[in-house]
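Presented below, as structure tokens, is a lone chain in the form predicted on its own.
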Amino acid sequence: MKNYFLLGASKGIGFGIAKELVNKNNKVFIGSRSTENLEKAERELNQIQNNSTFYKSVDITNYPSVEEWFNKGISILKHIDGLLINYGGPPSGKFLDFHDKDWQEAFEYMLMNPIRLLKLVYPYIKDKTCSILFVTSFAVKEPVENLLLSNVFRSAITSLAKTLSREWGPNIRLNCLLPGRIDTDRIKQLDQTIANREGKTQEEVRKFFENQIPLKRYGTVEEIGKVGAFLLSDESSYITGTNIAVDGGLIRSLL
């Protein structure tokens, strides 16, 4: 049994990973903004395995909140074997849509807060085996139109993970999980934004994107959850510094 700290894990991709880890007899400390969603997630996960799940609300855009979240987890579970860094994306838009303030805010919470969290976690993992997983996006391989801020800062996280995988090895592994179009609230929101802009229905937008995917459908949180849990677990003990896409074949690039 191992202890995993999971940001953004009350629903969606993070919850899918938490569920798979609990199914494999591990303990999880989860966090997200919504206490209501966390309570619901805790109930469901503890039904799978009693006393497996603990939580604290956290706002990834506010580092003191992230620090309080991590310290609470350590006070409960005493040690950490794996960390999931997962959080929602910034506003959609193109280059001229954003002002300096937008760039600075995205820089702080999408790049600097994860960096600060890694500095906080490092003393607890430097002398032991640990796995760190970032949820980024398929956009790091193929930038997505109208998601400029996400394209830029998710790519920066990818570079950070690759660099640290060499600097912190051999006992600490760092990888990135690249979701394609997974059936989450975030994707529904993005599809609706496109629908509003183009005068279409959300269903029409979804069908358009499904036609671009070789498997002709959006992925499920259960499917990507299994991959994320694998990358956090010892089953992936010879995988580090890499990007694993769960995209149904959407990405066109070779590498």
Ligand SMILES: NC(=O)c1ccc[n+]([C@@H]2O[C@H](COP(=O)([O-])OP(=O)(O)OC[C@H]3O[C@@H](n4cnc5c(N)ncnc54)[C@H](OP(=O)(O)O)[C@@H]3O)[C@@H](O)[C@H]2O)c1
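It should be emphasised that the depicted structure is a prediction, and the values quoted were computed from it without experimental measurement. We number the residues from 1 along the sequence you see.
Unshown form predicted together with the ligand; subsequent notes refer to it.
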*Classify residue 21 as contacting or not contacting the ligand in the model of the complex by the rule of any non-hydrogen atom within 4.5 angstroms, answering yes or no.*
no
*asked:* So, residue 182 and the ligand: in the model of the complex, are they within 4.5 Å at any heavy atom pair?
replied: yes
*Can any non-hydrogen atom of residue 201 be found within 4.5 angstroms of the ligand in the model of the complex?*
no
_At 4.5 Å between heavy atoms, is residue 240 in contact with the ligand in the model of the complex?_
no
*Let me know the one among 113, 165, 131, 137 whose heavy atoms come within 4.5 Å of the ligand in the model of the complex, would you?*
137
*Looking at 39, 223, 68, 59, which has any heavy atom no more than 4.5 Å from the ligand in the model of the complex?*
59
_Within 4.5 Å, heavy atoms only, one stretch in 96-104, 70-78, 172-180, 119-127 touches the ligand in the model of the complex. Which?_
172-180
*Hey, which residues along 85-99 are within 4.5 angstroms of the ligand in the model of the complex, non-hydrogen atoms only?*
86, 87, 88, 89
